[in-house]
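Considered here are two forms of the same protein chain, supplied as structure tokens in two stand-alone entries, structure 1 and structure 2.
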Structure 1
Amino acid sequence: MRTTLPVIIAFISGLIMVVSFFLNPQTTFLGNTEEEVLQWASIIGGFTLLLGVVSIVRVNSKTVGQRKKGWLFNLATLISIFAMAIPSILPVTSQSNFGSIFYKVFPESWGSLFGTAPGSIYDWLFNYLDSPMMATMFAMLAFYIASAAYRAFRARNAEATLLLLTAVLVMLWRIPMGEAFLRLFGDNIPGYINTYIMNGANAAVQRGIVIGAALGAASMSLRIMLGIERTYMGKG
């Protein structure tokens, strides 16, 4: 039953979404069942996020407790999690029962420090710690991308040469200095790049990738509905 029941639930849920997509729910027996399924999916998704946080805390707590190599980074992760989470969920007004109890211990003037409003602890940490660290990470990532591009764009054969020339044109087109340089050879060259490369060849390749991904997703969904794919239950 532990295997059969999840498969039945997955099949019924998937069947409801498929039928609701191709048929009008108001003219079939489904009615608002599709909306109910989507609401349950959102609720379950919220619990999975909570489980993810619990898992991160458990793994990092174990590493810190055993003083493994690099445990200070795990400790910083734990401190960051609680520093961002606790102030954002604490009451910001004294209207609720918990809020009234909270402000019996702490001054009510501290209310602006909690929640996610501008000027709160959460807002300060996000703007002055999280955002700069994300900017730093992406700035460092640019060097790795440049290194990978250097290795990928070597003109070893005709296809690699074509890729190199296309990439150079697109990179020049994306920056003001490069666009000004291209206009030296003709004012319409940036427009040609946008029309024939970005909206032409690039869009065609992207659509092919999206179609392939959609077919793969449909195939995987069918395997899950039929009970062939059971990795979501921890089984192959």
Structure 2
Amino acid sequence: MRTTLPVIIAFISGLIMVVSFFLNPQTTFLGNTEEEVLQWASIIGGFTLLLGVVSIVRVNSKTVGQRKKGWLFNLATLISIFAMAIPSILPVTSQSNFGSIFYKVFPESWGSLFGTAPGSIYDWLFNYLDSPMMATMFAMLAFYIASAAYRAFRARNAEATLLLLTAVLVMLWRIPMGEAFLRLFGDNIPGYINTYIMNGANAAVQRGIVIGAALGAASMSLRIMLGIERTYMGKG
């Protein structure tokens, strides 16, 4: 029961998608089963993401409740989660579902602050706090990537030299000054980098990796559907 039922469900839900591809939904018994199943998966998938967020709240609440070391930082996390989440889930108008109950208590002019539309609290927090911090986090990687580049680009052997040469050429090619510098050696050099490195060797390797990964994903999918692969169920 604990493992057989999930295996049967996985097989049926997968089979519907495979069969829908080969049979015309309009002329066969399938109808709009494919869209319906995809919507079901989307709904359950949404709940799984919520599960992750609830788990973060649980872990942080526990640290705050037990006043463990650094609990004030965890409190900051909790406050920011709720500051972003609560306004986003409140109804925007009295016409929306649950809105008629909510706006009996609160004035309807508050509606523009709720939801996720431009002008809402959610949008403000995203644009002025979350987005700049995200950009800063990635920008900081510029410093670490520079030290990583020093280690990776040392020309110790033929392969590392190839990596170094390509990276230097691409970095020069990506900036106007570098491109102007490359043109000193020949007007066609930036064009050659684009054609033979980016659209040639690089595209070929990406294609090879993508084909290999797709074959792996397809075989893993078959294993999951047939119940051979069950590690996603965990123990117990």
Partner chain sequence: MTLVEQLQIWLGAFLVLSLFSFLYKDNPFYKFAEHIFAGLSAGYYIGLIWQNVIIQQLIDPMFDQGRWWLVFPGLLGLLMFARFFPKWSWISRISLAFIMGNTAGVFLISQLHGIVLPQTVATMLSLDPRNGFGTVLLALIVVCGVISTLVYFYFSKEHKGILGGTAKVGIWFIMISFGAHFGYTVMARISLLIGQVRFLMFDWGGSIKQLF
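So that the term is clear: the rigid core is the largest set of C-alpha atoms that superpose within 1.5 Å between two forms. Only a predicted model underlies this, so the values are computations on that prediction, with no experimental measurement involved. By convention here, residues take numbers in order along the sequence of structure 1, the first being 1.
- As summarised for this chain, the first structure is the form predicted alone, and the second is not.
- When the rigid core is held fixed, the Cα atom of I81 travels less than 2 angstroms between the two structures.
- After superposition on the rigid core, displacement of the C-alpha of F138 between the two structures stays below 2 Å.
- Superposed on the core, the two forms barely differ at R58: its CA moves less than 2 Å between the two structures.
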